[in-house]
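You are given structure tokens for the same protein chain in two forms, set apart as structure 1 and structure 2.
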Structure 1
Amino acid sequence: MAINKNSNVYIITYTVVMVVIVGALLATLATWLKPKQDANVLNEQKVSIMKAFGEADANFDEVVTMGRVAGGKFTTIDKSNAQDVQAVFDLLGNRKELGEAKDNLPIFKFEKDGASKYVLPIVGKGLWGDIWGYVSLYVVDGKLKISGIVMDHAGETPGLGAEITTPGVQGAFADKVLYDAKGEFAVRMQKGGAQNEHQVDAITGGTKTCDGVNDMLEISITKYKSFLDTLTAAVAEDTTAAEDAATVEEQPAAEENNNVEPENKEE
């Protein structure tokens, strides 16, 4: 019996069979590729963190200390605990959950030549969608400064808001001071051009994206403020201790000079 390929039954049956076959193949392929996709995402996260540190060529697993900040305290994560490590990177990949997190926040530490830098994840909203990245902070001369920043976006306008991903824009944040003399968060992309040590030139034509970056930085970094305050306080204590030690060393020398008997003068 010949099959009528023009009949509705044949067309529907053929379509269903093809959909099932193609769907099964796609599901199998997705399952097979998922470990590789997850590995690529994890590697991209690590590379971005190292770029924020300014150490793009360094190996994340060898030089970075992972941690969480809770109640203003830094708690180190044991890298041998795969579950805890994966939980951190899963949170980094879930921008909605990360943006809503208030405590137990992920943080990364890198030490070099006796100095420490800390990278914090940042998330926010641009003109057309999510913006996110990592910002590296350090303390110098008693001030918290940005040492580096990496930003990305979901759909900002090419040539305008999308410029936040360029080295020129990101490099302009280097050495910007986080807080002003009143202790208020002061880093921002300033329309009309930077006017002080806190500001960065805004992107011409990208005002909404720049506003999103400003909000992203302030909101994300402020969550860590109680911990960041401990960093500046520790530097202040070290400076005071060094000054006191120098004073103590000077005192015996001064006393020794005072105790020297004057030479007898000839009459």
Structure 2
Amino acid sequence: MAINKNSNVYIITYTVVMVVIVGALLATLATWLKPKQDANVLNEQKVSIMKAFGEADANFDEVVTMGRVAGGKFTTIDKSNAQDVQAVFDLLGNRKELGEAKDNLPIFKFEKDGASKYVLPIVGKGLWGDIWGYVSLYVVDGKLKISGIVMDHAGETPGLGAEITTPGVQGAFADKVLYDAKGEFAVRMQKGGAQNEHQVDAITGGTKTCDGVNDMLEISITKYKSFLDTLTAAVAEDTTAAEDAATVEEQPAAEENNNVEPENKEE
């Protein structure tokens, strides 16, 4: 029996069968691998946050307090509430939404030796595409400083803009003071070299990416300004209080789900 392989019926049947088989195959594969892929993405977010804290070896789940900043107040997220935790990581994974978010912003807190560090997600635009990362902030001597930063990019030029992912560039941000004497945001990658305690050397040949980093930092961090101001004031007050009285007793948080961080520090 000879089949006419160029008849319309044959071709359409052939195509339909082929597409159904291929579709089923790929759908099965994607479903099967999805949990593993999601776990990779989640793990990467956690590792990046720990790197920003400067504690790359520590376990995120054990040492980090997750929270949201709404109306300048820190609200702790109960980690046993999988839905709230997932909502935070989903937001971190969605750069567009994260960039547009105005309030109820994700934040991470890590305490070591009585000092707290806070990690904020940052998103912006480089030369070719999105740039994003995490910046870790802490208060030293009444000044808000960067303790560490982790940055990644979608498609910056290797060797130029893409250098923002290297330890060399990221390390230069350590201990830069966020706000100048006038209270204006002053951290920036400066062409021609850093001039003061706020600036970081820009990358030669990566000017557009560095401009993107500057905007990203300013815009992303400014969203947390009221919280950061309270924090700086609270820590400064705390230090003064500690100097006055030798012992400062820490009171347990009244409500686990709703403890307002800077105010707790004022005791």
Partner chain sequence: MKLSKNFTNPLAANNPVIVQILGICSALAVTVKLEPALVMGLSVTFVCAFSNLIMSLLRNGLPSRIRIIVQLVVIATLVIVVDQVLRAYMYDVSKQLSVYVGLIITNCIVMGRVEAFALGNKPWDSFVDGLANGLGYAFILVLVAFFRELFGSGTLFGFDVLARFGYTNNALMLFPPMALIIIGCIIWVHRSINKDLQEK
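By rigid core we mean the largest C-alpha set that fits within 1.5 Å across both forms. Remember, predicted model here, so these are calculated numbers, not experimental data. When a residue number appears, read it as a position in the sequence of structure 1, where counting begins at 1.
Chemist: I need to confirm something. Of structure 1 and structure 2, which is the form predicted on its own?
Modeler: Of the two, structure 1 is the form predicted on its own.
Chemist: For residue 25, is the CA shift between structures 1 and 2 at least 2 Å following rigid-core superposition?
Modeler: Moves: no, less than 2 Å.
Chemist: With the two forms matched on the core, what distance in Å separates the two CA positions of residue 13 between structures 1 and 2?
Modeler: Its alpha carbon moves by 3.5 Å.
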